[in-house]
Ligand code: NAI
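There is one chain below, alone, in structure tokens, taken in the form predicted alone.
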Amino acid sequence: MKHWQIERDENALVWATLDRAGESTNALSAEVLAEFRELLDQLDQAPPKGLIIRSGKAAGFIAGADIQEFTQLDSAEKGRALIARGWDLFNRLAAVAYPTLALVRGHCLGGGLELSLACRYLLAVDEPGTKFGLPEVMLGIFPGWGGMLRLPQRIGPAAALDLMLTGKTLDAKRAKRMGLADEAVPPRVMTAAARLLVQSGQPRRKLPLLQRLLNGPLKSVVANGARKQVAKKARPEHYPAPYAIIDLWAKHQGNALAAPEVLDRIINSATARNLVRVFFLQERLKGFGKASDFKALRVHVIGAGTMGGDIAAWCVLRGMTVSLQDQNLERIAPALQRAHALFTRRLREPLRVREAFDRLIPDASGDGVAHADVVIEAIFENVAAKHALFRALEPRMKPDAVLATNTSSLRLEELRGVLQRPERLVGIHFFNPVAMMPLVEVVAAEGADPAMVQAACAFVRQIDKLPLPVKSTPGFLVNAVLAPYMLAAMRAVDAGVTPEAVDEAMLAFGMPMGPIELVDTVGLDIALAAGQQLAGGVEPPQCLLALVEKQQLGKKSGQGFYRWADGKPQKVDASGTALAKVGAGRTAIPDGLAESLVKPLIERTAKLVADGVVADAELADAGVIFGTGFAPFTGGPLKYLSDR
């Protein structure tokens, strides 16, 4: 076979190793599945004592189906055939008489997990890269090869729906605790453990009675609760897939072939096409991190404010040793407290939290500069202050270290003139909150050293962010397109539209947050300053000036366009009734409001592409989606424009 290697050992166990030819990761293409069907045919002729399925790739087990094949589904018949291919094959695997085991090391996602669920046993290798999930919903589709049937039977319907509706993943230990994996073992014993388990004859863990009832006669209870949870985050007209997952599980035992109208509607939806496009855009951004073999072990961050402190904490979380510099320890202390909270939330285990915290070094004297592979300046936006800092930094840095600024509004050409090697300065522009925003703009000034830009992109990927190369210009891409959008929103408030109606219009459009709530979250004083830099001398909105004059600065002061309580804006409709966070739909929205608000954002995006600030329309769409949250189901602002 081309992709599968078959070996029968002295115990009459068959080891089937998937090593997809010509690819760095395993995916279940039509050809791979056809060979697996042939494998089962052979085993029907000479049944083994057991079948163990494993990966021959260092990168993981199976990443899922071949996403490229989804782009070729131009008819309902092709969509149904693709679903039937995996559904029928994995049902056949589940029904074989001999015991079967999936030995999972590394990522086990989508179709890879569905194959594993069709095995009698699942053995997880306990190491950092092992992840389990059914993330199809992120592509606007559903797990149609048995995942909707078998995952609820394995771990209970509520936990299974949570995974399928969010795209979240589980590590090996959590998979074992939840009953998804039968065992979680270290790599050194995985082969022996697989052999013992597949021959053990032990029955699978039975679900508790209540879970079996919720998976059977009480299904409607779970389904109704899941619909309510999904409705808080996604509208069915924008994201139909999560609603389809609930219905297919509740009404059709997870068999999409039993509901062809649902299958056809989802597979051929504009949302699915656009989200698959966004997936490939994300892969393209990741590719920028592969142009250099640069690897950072130590990072030095100057400026322990919200951005600098959170950048430092995130780098620690991704395995680096980080020194954090500010004028004194008192200024660094709040950043250390936020970092500890982040580590506790993400790492959970006290020993891992302590180990991470030990790698975050308060450094008021700046001694870490001399050892750092990446030095990031994150002080306040003042050219003279940054000049003084760069003069002091450059002589102390390693010659091959990356020197980066996190400036959000200043041109790099203004900042680098004091350097002996001005071409080494790059922008590495993070977004707030650092831990949540996936995009990082990598900014190159005219004449920048290409090796430094590529090293910066490699560093951004190393910390699990998406690098977007942009040219040095005020606001780069993301802030430059947000400025006219937020300006248009506040102009609407000046014209008498309520902040609630403005936000509701954009939530209905598909934005994750309304622009007025966004201004309040950023801070009205910051929005005013940024607007003056990016709006080309345009008069600021009167509503913004009035609030800033009263020092009502938004979330941080407790009052802005909204009153804030417990970190949430208190929105009301015209009658004074409190509104739900997502799409309450009780606020009157003027006709055409959303289109008028999004128009300047789209126009600015197109102009930045024309000016060469970002290389092309696809990268611009990717940057605006991952940097602003622009409705992913549209495919991005320029795709939205072309579709219309």
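This one's a predicted model, so the numbers in the text were calculated from it and none came from an experiment. In case it trips you up, residue 1 is the first one in the sequence shown, and so on.
Not on display, but discussed next: the form predicted in complex with the ligand.
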Answer with one of 304, 148, 527, 124: the residue that has a non-hydrogen atom within 4.5 Å of the ligand in the model of the complex.
304
Students should find that, of 532, 337, 327, 71, the residue having a non-hydrogen atom no more than 4.5 angstroms from the ligand in the model of the complex is 327
Among 374 to 382, 348 to 356, 106 to 114, 201 to 209, which stretch has residues with heavy atoms no more than 4.5 Å from the ligand in the model of the complex?
374 to 382
Does the ligand come within 4.5 Å of any heavy atom of residue 432 in the model of the complex?
yes
Quick one: is residue 195 in contact with the ligand in the model of the complex, heavy atoms, 4.5 Å cut-off?
no
Partner contact for residue 386 in the model of the complex: the ligand, 4.5 angstroms, heavy atom
yes
Is there a heavy atom of residue 331 no more than 4.5 Å from a heavy atom of the ligand in the model of the complex?
yes
Which residues in 396 to 416 have a heavy atom within 4.5 Å of the ligand in the model of the complex?
406, 407, 408
